[in-house]
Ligand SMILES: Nc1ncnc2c1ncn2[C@@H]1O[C@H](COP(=O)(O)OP(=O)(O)OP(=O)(O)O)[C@@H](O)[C@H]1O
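Starting off, we have a lone chain in the form predicted alone, written out as structure tokens.
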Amino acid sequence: MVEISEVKAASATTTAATAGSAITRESRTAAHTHIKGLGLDEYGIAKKVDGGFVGQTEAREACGVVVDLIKSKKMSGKAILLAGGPGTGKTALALAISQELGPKVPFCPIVGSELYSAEVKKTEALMENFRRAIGLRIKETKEVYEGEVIEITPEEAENPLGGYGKTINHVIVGLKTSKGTKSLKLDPSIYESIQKERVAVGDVVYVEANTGSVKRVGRSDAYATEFDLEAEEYVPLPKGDVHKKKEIVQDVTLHDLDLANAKPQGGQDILSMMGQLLKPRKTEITEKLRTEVNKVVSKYIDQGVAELVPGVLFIDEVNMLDIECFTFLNRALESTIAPIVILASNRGMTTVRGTDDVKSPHGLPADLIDRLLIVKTLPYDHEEIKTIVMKRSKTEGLILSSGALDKLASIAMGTSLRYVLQLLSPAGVLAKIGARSEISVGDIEECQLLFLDARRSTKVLEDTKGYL
């Protein structure tokens, strides 16, 4: 039997700042941490430089339409392909879509090569990620006892197993609200939860009537004084009765439900625990179990207890998938419960992996391409590259002369943006050695001689009859 109420897993969504977040300084800790949103105005028109983006206005506006469709729940089971050269912002666009959707919508990013695992089949790994990208918002009305603790009295009894020690028979907990007080006689297992939560007299807690779980909310504000230096969170005395009904919203993914129901609930004896340790770390979840989970999910949705939240599955370097994965992807997209799928590829006409001679655009079979909305990302022009290089130099704390900035933009037009950004740090080192506060054209030219781009390094191998 599948029990949704047993699941206590948190939503697997990625928590991120929204597009309107205030940024006081240029900062980034990884490749795409500066992306804060799509950078669109209230009419869906892309601003030239905003949200961490520079240029790519058409692609950002297209993604803005996709975000609106997802929010209005008209994109479930459909797929988008971000097609463009390396370094044109495909991954950044997918992350920006997740930022715009907010923290409660599941976003599951993977790379095509991730699916090739020795532990499980490729199709199983793909299905797992599909289920991670589908959220379920469960609304439960629970009976709780809430109030300020005025008494905790454990009542002991003689140990039934003999010996000198005593055992806790039950615990008396007194709770007070603005409306009155109530004394509860609770099970000894709840006393353990009270000790784990470090509950003391004067704390505000709530106890779930069905499960017996105890949650410490904070310290009652009646104990707060102006001279109190403790780092304590003070909360007001709860209103209403001690015993009340409370609506609790819980966000989980379908993969959380699959895992919760796939693991056998063994006993606490040593043999059971040893058995769980000796099992393989990762096991396949059967199709039968997923069908049962889907049935229960559908029943809860029909009853209005839960709401399905289709998230985003982002597959980068989708050309790395093979024909088996593409066939599976076609079927998964037609499922009644499916997320929004965003694919990204930087290939043109190329052979579909797993076939001998089938060539297709972006390395995808023709029947899958027909299902896709294709968003193109274009190479950056000279001015856009200058803006990107200037922003990156500020992030790294480097000062560029105007000549050096023009030189880098010109190099990028003939090589790639990524190559130019890689030259920034070494050029900064050369300027420091030369006791200069800003990077000059000479520093850039010297770096260009020291560090080759892909075209020149290939030519070196050709000239020296090296390996191609």
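In this text the structure is predicted, and so the values were computed from the model without any measurement. C-alpha atoms forming the largest set that superposes within 1.5 Å between two forms make up the rigid core. One-based numbering along the sequence shown.
If you look for the form predicted in complex with the ligand, you will not find it shown, but the lines that follow are about it.
The partner is not drawn, yet in the predicted bound form one stretch among 64-72, 435-443, 405-413, 51-59 has residues with heavy atoms inside 4.5 Å of the ligand: 51-59. Among heavy atoms of F130, none comes within 4.5 Å of the ligand in the predicted bound form.
Interface membership of L417, defined by any non-hydrogen atom within 4.5 Å of the ligand in the predicted bound form, is confirmed.
In the predicted bound form, Y380 approaches the ligand with a heavy atom inside 4.5 Å. Though the partner is left out of this view, G363 does not reach within 4.5 Å of the ligand in the predicted bound form, counting heavy atoms only. Note on contacts: among L175, I340, A306, I388, the single residue with a heavy atom within 4.5 Å of the ligand in the predicted bound form is I388. Proximity to the ligand in the predicted bound form, defined as a heavy atom within 4.5 Å, holds among S193, T351, T91, S298 only for T91. Using a 4.5 Å cut-off on any heavy atom, the one residue of 328-356 that reaches the ligand in the predicted bound form is N346. Once both forms are fitted on their rigid core, the CA atom of L424 lies 2 Å or more apart between the shown form and the other one.
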